[in-house]
Ligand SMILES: N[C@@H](CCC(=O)N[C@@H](CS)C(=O)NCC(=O)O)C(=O)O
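To begin, one chain is listed below as structure tokens, in the form predicted on its own.
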Amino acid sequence: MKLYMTEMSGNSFKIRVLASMLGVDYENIRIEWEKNAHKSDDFLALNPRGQVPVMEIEDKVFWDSTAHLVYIARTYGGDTWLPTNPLQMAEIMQWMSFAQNEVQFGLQWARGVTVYNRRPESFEGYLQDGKLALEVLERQLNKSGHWLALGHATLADIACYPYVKRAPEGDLPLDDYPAIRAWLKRCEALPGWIEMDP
């Protein structure tokens, strides 16, 4: 199994942290983002979207972090991280979808403006979506307790963690979200959790 990634990618971090917690061995291939390697012909042959992470598993290539998480969880994690029970699976997938919608289009893209000056003309819209994401997460954690789904750590938490953790870098501080701040610390205390690169 090969993982094409960069340290600054929150979506790459999701894969790295789950693999660490489950003791999964893989070949880590760093893509030189700063040299635009993700837009090279060789990389675009792997992922026509020109984004990381990409995973190569046997003779198949997957270029979406949700697909990577599902594969690793079902292959190495038993029923803990992604149960086969349809209702439980749907509960987790709801939050994984949330991570690819409000979290990405709000928190991640707001950070893209402040850190990389990417699409600054859309910053106000990103902030609105980001605030919605934080409000939804805060409400859920106050309702459900320690974790987003099923009463224990699942793919739901891993999928949402990286860009929530980095929300302050996108001018979306977490001061008014105590449940989120406590949840981030609980994630970071899980056995095998790795520190996110700066």
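The first residue of the shown sequence is 1; numbering continues from there. Please read these numbers as outputs of a predicted model, since none were measured by experiment.
Quick note: we don't show the form predicted together with this ligand, though the next part is all about it.
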Seminar exercise, completed: Checked Glu56, Asp64, Glu135, Asp171 for heavy atoms within 4.5 Å of this ligand in the model of the complex; positive is Asp64
Seminar exercise, completed: Answer key: of Gln100, Thr80, Ser122, Thr114, within 4.5 Å of this ligand in the model of the complex (heavy atoms) is Gln100
Exercise. Can any non-hydrogen atom of Val52 be found within 4.5 angstroms of this ligand in the model of the complex?
Worked result: yes
Exercise. Looking at the partner-bound form in the model of the complex, is Lys35 within 4.5 Å of this ligand by any heavy atom?
Worked result: no
Exercise. Can Arg74 be called a contact residue for this ligand in the model of the complex at 4.5 Å between heavy atoms?
Worked result: no
Problem set entry | Any non-hydrogen atom of His152 within 4.5 angstroms of this ligand in the model of the complex | no
Exercise. Among 127-135, 37-45, 22-30, 142-150, which stretch sits within 4.5 Å of this ligand in the model of the complex, heavy atoms only?
Worked result: 37-45
Problem set entry | Partner contacts in the model of the complex for 103-138 (non-hydrogen atom within 4.5 angstroms of this ligand) | Gln104, Gln108, Arg118
